[in-house]
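What follows is one chain in structure tokens, specifically the form predicted alone.
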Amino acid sequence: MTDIKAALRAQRIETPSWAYGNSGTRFKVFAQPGVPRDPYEKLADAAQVHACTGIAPTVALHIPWDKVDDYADLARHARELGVGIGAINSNVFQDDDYKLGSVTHPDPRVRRKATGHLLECVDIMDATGSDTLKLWFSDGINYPGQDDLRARQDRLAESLAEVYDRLGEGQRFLLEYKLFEPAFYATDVPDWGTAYAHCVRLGPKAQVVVDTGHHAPGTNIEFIVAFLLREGKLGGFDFNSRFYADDDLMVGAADPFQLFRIMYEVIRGGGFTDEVAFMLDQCHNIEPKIPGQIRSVMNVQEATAKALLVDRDALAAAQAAGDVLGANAVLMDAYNTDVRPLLAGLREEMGLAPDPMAAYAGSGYFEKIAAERVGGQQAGWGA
């Protein structure tokens, strides 16, 4: 139990700046009181999540949503709040020029513009001390014959190579994939195999990020995790959930057993280290922002605790003996364990309140920001 507590105490889960802004569906973005108006206020909200959970010390930025004049000052502000700047996320999907793609666009001018933005993000990494660039491309085509599928892969490879060469010492990029959307016929990075192939060609500073909501129904995500870990190409996670075709629900909401299975493969495969980033990628459309992030961190924490409880010796013995039901029972025994008392005790040992949700509710922070953040333009994205 001492080893399990030590592992849980060392766990780090990164929250995304955009989770603290207004968001919604394709039909409506819903405003809430107290929503941040700039990246500085987003960091203040993220600091509350870390204060309540003790394991969320970094915040991912999204450019240009989090664009500021002085990124070194933003990093300084984060440190004063007790958090740090995490991954820098690029945005090559919200400009009219990108209607037919960004780095895979048939027009060289648009490709140059998109790649220039990715290089700008590396500059921001330098200014903030971030070591990770996260790349997601909405690029794709809607109709057969609209563009050349192979040529688009060539253009993608050319852009990725330029960004890869710009990375500094200790920096990397994570390439994200998504089955479909917004492209309706062919997506340029639709699956882990495409992302993996590009990363293998580039080298050790290019790795794959697994967004848990970006797969076809029934996909065995833990197999993908196990494979990428085996190949040394799993760079991180974007944790969230989905029931149908999008990925903005809280992690563990749709299938907590799947999250447990994923975390077991992470631990079994040696991925429970600083080399694999555990990031949330969620937009809280109807639930309050900060509690939504706190609950998500707790969900990952609980799944991790259960995965750490798996008796791996007993599991290996059952597997070697061909004991199908016995092996499954070992996993189920761990999954069915109530780890909430363990985590509550661990938080108390760390000087935290045993119940992060109750701690936040009683802090008065929401009432404070709801009263203070009046006027100005709330952060968010339009629909």
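Owing to the predicted nature of the structure, the values given are computational and were not obtained by experimental measurement. From 1 onward, residues are counted along the sequence shown.
Form predicted together with another copy of the chain: not shown, discussed below.
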How about Arg340: is it within 4.5 Å of another copy of the chain in the predicted bound form, going by heavy atoms? yes
Does another copy of the chain come within 4.5 Å of any heavy atom of Leu149 in the predicted bound form? yes
Heavy atoms within 4.5 Å of another copy of the chain in the predicted bound form: does Gln171 have any? no
Looking at the partner-bound form in the predicted bound form, is Arg76 within 4.5 Å of another copy of the chain by any heavy atom? no
Any idea which of 161-169, 281-289, 202-210, 126-134 reaches within 4.5 Å of another copy of the chain in the predicted bound form, heavy atoms considered? 281-289
May I ask whether Pro217, Ala226 and Asp255 each come within 4.5 Å of another copy of the chain in the predicted bound form, counting any non-hydrogen atom? yes
With the partner omitted here, the residue among Leu179, Leu119, Ala72, Leu309 that in the predicted bound form has a heavy atom within 4.5 Å of another copy of the chain is Leu179
Considering only 168-198, what residues come within 4.5 Å of another copy of the chain in the predicted bound form, judged by heavy atoms? Lys178, Leu179, Phe180, Glu181, Pro182, Phe184, Tyr185, Ala186, Thr187, Asp188, Pro190, Asp191, Trp192, Gly193, Thr194, Tyr196, Ala197, His198
